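In structure tokens, the next block holds one chain alone, the form predicted on its own.
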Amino acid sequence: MAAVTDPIAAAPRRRADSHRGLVFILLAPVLAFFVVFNTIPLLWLLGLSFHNFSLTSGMPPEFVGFQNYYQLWLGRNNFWGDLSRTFTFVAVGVTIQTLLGVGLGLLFWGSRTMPGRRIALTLLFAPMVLTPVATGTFFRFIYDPNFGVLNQMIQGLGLPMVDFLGSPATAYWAVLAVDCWMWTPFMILMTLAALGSVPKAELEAAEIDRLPFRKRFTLVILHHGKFILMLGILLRVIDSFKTLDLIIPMTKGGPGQQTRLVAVELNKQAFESFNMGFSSAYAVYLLLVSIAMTSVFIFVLNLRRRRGS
């Protein structure tokens, strides 16, 4: 005897099936885009990293196993020097941007009745809107030793001319200063977002208790806003590690190798030397380093969150 299906009991099951189908239909374009433009190129890059292949040789790819990775590990093209230079660029730059961003963010947050506050914030966020290539070009002219505005001011003070981008002693720090100028507004924005997440009731209670600003900042403001602030720092670390389009118009990695970060060397190997096998291994190395940095950062963030809870 055939079982009789209760239509009332089967209705929720049909709705659940139709809901799952709708979810799949809505996610299908995103998943297809991810597979075509992310997964497949990543697998192609990984496979190419095990081959010796140059676009200018006219020869088919030659399988060499881990030879490209081994050469990088041995320091081919001064890989470890470029990597340490990049780590210094990231650590110093993000630290300066965070300190300036938090300080200026607190200043603007505490002066809501200041005349011209909105205009000042708009002008302050302008560097973040500019493209890095345009910013690098502007500052190359500003730093120019012959007709640059900065050297005109220095010579007006009776000091000797400084070749900021041509001297090995100043080129690295001149590029780093431009990066800080460009991205400090981003940390100001993240600081204002973090401050906006602080409950007003707790701030008012801290004011009633007459807590000094240092304790208000550490116990109330930082307690609620630290996760947004840490997210901003993480985004800046990842983005700063990939710095390329700011350096190319300013120094192209020179003088010598003073401003040659890992992204600059990767760009040279892939799109100037067309050494696709070696550059693929280089890119995989950088991907692993980025994943390691991000994982450590997220682990520390979650550890602090668990301790705070």
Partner chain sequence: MRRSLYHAVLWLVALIWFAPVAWIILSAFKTREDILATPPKLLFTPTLQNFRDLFTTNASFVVQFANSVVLSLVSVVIAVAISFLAAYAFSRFKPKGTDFLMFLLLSVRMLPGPAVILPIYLMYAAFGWKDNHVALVLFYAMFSVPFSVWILKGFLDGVSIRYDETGRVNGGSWFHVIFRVVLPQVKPGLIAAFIFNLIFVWNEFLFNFVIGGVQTQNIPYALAVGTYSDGGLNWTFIATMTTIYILPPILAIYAFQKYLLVGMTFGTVRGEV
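Positions refer to the first chain, counted from 1. Owing to the predicted nature of the structure, the values given are computational and were not obtained by experimental measurement. Each form is matched to the other, and the largest set of C-alpha atoms that superpose within 1.5 Å is called the rigid core.
Below, we refer to the form predicted in complex with its partner chain, which is not included among the displayed structures.
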{"property": "The single option of 159, 193, 169, 205 touching its partner chain in the predicted complex, heavy atom within 4.5 Å", "result": "193"}
{"property": "Single option in 78, 137, 95, 84 placed near its partner chain in the predicted complex, where near means a heavy atom within 4.5 Å", "result": "137"}
{"property": "Heavy atom of residue 59 within 4.5 Å of its partner chain in the predicted complex", "result": "no"}
{"property": "Residue 241: touches its partner chain in the predicted complex, heavy atom cutoff 4.5 angstroms", "result": "yes"}
{"property": "In the predicted complex, residue 199 touching its partner chain (heavy atom, 4.5 Å)", "result": "no"}
{"property": "Its partner chain contact at residue 125 in the predicted complex, heavy atom, 4.5 Å", "result": "yes"}
{"property": "Contact stretch among 160-168, 210-218, 97-105, 70-78 - heavy atom within 4.5 Å of its partner chain in the predicted complex", "result": "97-105"}
{"property": "Within 198-235, the residues that have a heavy atom no more than 4.5 Å from its partner chain in the predicted complex", "result": "228, 231, 235"}
{"property": "Large Cα move at residue 285 between this form and the one not shown, threshold 2 Å, rigid core", "result": "no"}
{"property": "Residue 65 C-alpha moves between this form and the one not shown by 2 Å or more, core aligned", "result": "no"}
{"property": "Core-superposed comparison between this form and the one not shown, residue 33 Cα displacement 2 Å or beyond", "result": "yes"}
{"property": "Residue 231 and residue 296, C-alpha gap in the predicted complex relative to this structure (3 Å or more)", "result": "closer"}
